[in-house]
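Below you will find one chain, with nothing else, as structure tokens; this is the form predicted on its own, and questions on how it binds or moves follow later.
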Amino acid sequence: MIKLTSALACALLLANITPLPTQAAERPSDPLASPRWGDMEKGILSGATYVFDARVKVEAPDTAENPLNVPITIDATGLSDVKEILVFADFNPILEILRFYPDAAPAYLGFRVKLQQSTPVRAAVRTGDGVWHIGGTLVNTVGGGCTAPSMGATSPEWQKRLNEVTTRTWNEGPMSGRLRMRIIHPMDTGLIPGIPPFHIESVVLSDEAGRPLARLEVSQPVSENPVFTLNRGSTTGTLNARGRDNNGNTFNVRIPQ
């Protein structure tokens, strides 16, 4: 009887042993070998599941002579079910550049950005399954783009033309379906003493029925007088663009086909 009790006690003890945790799956290594990628992974992606994906194309000059106005193109049309595109720069003092939600538009966006120093510029594309697909490129520049005053701040004209919108559309040829929109705004970063942050916060592009075609959440690193290039896809008819800045100034314009 004593032997049976001891055996039973051992069995119960073994049943209650908590297994040692398995080693966490190894995270993908950064193809751009940035020393700040660990911070980007934790701070920008918050530990979410991600993969580096060549289908996310980030186009920019290898060397940008003007750090205030660096052209960037994001093309994630090779992915399906794109919900959100987050663009950020590892070494900018303000990491997040913008978020793009291509609700009914192709996952394509062109714009210009201010860079403080040479840095990887990346696009993290979230698909419907919750996975972030990441592409990027390294841009070399002399720096200082985020801490230089805007040109518009020195001119009285910008106050008269604040949030003035001009557009251009292409209905034929190799750029058919493209829409380019320019908004007059100083886009001050707030990193210059005596000049508070003053920037466009949101832009919404919708169709004639008011359905969102694409949405942008814009941060300070986007260049002064921002120019956004999108693709309207199969949407036809007149479009509407509305937006606001962080001081509550708004714009609302109609864009003919």
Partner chain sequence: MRRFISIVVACLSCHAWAADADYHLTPLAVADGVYAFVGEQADFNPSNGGNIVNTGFIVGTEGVIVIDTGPSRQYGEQMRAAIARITPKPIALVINTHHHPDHFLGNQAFADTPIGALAGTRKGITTEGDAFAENLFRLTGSWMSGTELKAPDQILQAGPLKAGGRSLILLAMKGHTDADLAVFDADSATLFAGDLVFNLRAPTTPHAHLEHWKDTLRALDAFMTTQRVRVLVPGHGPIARNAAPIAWTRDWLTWLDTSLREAAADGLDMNETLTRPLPEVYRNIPVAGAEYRRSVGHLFPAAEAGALQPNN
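Positions refer to the first chain, counted from 1. Predicted, not measured: the structure shown is a model, and the values here were computed from it.
Omitted here: the form predicted together with the partner chain. The next part is about that form.
Look at 171-179, 99-107, 85-93, 122-130: in the predicted complex, residues with non-hydrogen atoms within 4.5 angstroms of the partner chain sit in 171-179. The contact residue chosen from Val204, Leu45, Val227, Leu191 relative to the partner chain in the predicted complex is Val227, the criterion being a non-hydrogen atom within 4.5 angstroms. With a 4.5 Å cutoff on heavy atoms, Ser34 does not count as touching the partner chain in the predicted complex; it lies far away. In the predicted complex, none of the heavy atoms of Asp39 sits within 4.5 Å of a heavy atom of the partner chain.
Shown alone here, Ile134 lies farther than 4.5 Å from the partner chain in the predicted complex, counting heavy atoms only. When contacts are judged by a 4.5 Å heavy atom cut-off, Val165 counts as touching the partner chain in the predicted complex. The three residues Pro61, Asn69 and Thr73 all sit with a heavy atom within 4.5 Å of the partner chain in the predicted complex.
Heavy atoms closer than or equal to 4.5 Å to the partner chain in the predicted complex belong, across 220-257, to the residues Val227, Thr229, Val253, Arg254, Ile255, Pro256, ordered by sequence position.
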